[in-house]
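The chain below stands alone and is given as C-alpha cells, in the form predicted alone.
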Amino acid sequence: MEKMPKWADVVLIPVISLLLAGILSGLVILAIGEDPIKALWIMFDGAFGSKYNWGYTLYYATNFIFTGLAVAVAFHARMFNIGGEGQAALGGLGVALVCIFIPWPHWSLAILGAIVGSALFGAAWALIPAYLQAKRGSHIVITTIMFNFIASALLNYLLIGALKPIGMMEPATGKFPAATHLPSFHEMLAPLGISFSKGAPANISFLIAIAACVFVWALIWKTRLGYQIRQFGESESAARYAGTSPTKIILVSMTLSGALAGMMALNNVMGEAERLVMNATEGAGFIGIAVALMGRSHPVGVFLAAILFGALYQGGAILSQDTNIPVQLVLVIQALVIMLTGALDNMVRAPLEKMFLAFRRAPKPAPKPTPAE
C-alpha cells in the first residue's frame, strides 16, 4: 500500500519544498537589508516579463530537459548518473566534428547529423562507466564523477590543439558553417506572423527536447525494455528471477542516459554559440540531477522542473543586475531550491506520509441506528 496518494508525491511535495525555499530565500534577502517581495518580483519579471526574457528562460530550460531526462532514465534503473556534465561536453565534441568536417547543404540535414553525433559521443562516454559497473563492480557514482574531469581535460587538449584555428588565442573551435546554424524562435515564428525577440537564444532544439520527453515516456512506460528497466530498479533479484540480464539493463540504461545528456549540445553548442568552447555545459549536467529529483523522474515532471530552473537562472541573472543583491546570493537562492527539492526531500515527505497514514487509520464513525417504525 502506498504511503500517500500519487498526486501528493508529484505535486504537493515539490510545491511545499518550493514554498520553504522561497521563505528561506526571503529571510536571507531580508537579512542583507533588501525587500524580499521586490526581489521575488524582479526574478519573476526577469524570467517571464518579456519575450526576450522568455527566450533565455527556454534556452536554459532546454539544457536542463536533456540532462534531467538523462538522470531520470538512469534513476529508473536505480543508478545515479553524475556524469551528465562530461557526457554533455563530449556530446558537444560530437556536434563540432559533425558540423565542421561534413559539408551540410542545409540546417535540416545538419541537425540530423548533429543528433547522431551528440548522442553517440555522449553514449560512448557513459558506456565506459556502465561497463565497469556491470563487469567489474566499480561504483557508477565514482566513475561518472571522475569521467567528468577526464572529459574536461580531453576537451581542453583538443581545443588548444587540433580543433583550434591557426592564429586564434581562445581555446575554442572556429564558427560553424552558416548552413549548420539552427533557426531561433524569432526565425521560426516570423513566417507565422508571430513576433519574438531577435536576440534571444531559444532555438529549435527546444522542440527536440520536447520530443525527447515523449520518447522517454514511451520507452519507460510503453515498451518491454522500459518495463525491464523499472523492474531492475525496483528489485534486482526479481529481475534476475524473471530472466532479465542485469548487465544488459545497466549498459542499455546508461547508454541511453549518456545519449540524452550528449544531445544537450544541440542547444548550447550548435544552437547558441555555433562553435565549441571550454565549459560550454556551465553546470547543466549537475542541475539535471535536481531537475530529475524534483520531476520525480517522469518526463512531464522533468519538463516542468526544467522550466522552473530555467526561470531561476534567468531571473537570478536579472536580479543581480537590477539590485544590490550580489550574484553569490542568487546562487544561494538556487542552491536552497536544489537542496530542499533534492537532498532534503525526506524532510517534507516523512511528515506528509505520516499525515496521510493517520487519515487512513482514523476510525470511521459508527452508523447511526435507524429508529424503529
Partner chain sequence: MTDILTLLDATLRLSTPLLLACLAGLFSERAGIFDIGLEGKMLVAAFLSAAFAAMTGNVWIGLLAGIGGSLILSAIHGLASITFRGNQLISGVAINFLASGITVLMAQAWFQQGGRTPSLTGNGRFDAITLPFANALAGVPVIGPIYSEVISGQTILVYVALAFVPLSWWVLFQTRFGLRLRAVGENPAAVDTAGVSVVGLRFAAVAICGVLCGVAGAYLSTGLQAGFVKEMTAGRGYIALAALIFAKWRPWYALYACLLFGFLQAFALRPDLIERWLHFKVQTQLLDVMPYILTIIILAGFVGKAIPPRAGGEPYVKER
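Residue numbers count along the first chain shown, from 1. The shown structure was predicted, so the numbers you read here are calculated from the model rather than taken from an experiment.
What follows is about the form predicted in complex with its partner chain, which we do not show.
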## Note on the structure
As a check of understanding, the residue in Phe215, Phe80, Trp104, Phe196 with any heavy atom within 4.5 Å of its partner chain in the predicted complex should be identified as Phe80
### Query
Considering Ile249, Ile115, Leu293, Ile208, which brings a non-hydrogen atom within 4.5 Å of its partner chain in the predicted complex?
Leu293
### Message
Gln334 versus its partner chain, in the predicted complex: is there a non-hydrogen atom within 4.5 Å?
### Response
yes
### Task
Flag Ala47 as yes or no: does it have a non-hydrogen atom within 4.5 angstroms of any non-hydrogen atom of its partner chain in the predicted complex?
no
### Task
With heavy atoms only and a cut-off of 4.5 Å, decide whether Val141 touches its partner chain in the predicted complex.
yes
### Contact flag, Ala153 vs its partner chain in the predicted complex, heavy atom cut 4.5 Å
yes
### Message
Counting heavy atoms only and using a 4.5 Å cut-off, do Ala134, Ala190 and His298 all touch its partner chain in the predicted complex?
### Response
no
#### Entry: Per-stretch contact check against its partner chain in the predicted complex, the hit in 344 to 352, 37 to 45, 58 to 66, 303 to 311 (non-hydrogen atom, 4.5 angstroms)
344 to 352
### Heavy atom within 4.5 Å of its partner chain in the predicted complex - qualifying residues of 9 to 37
Val28, Ile32
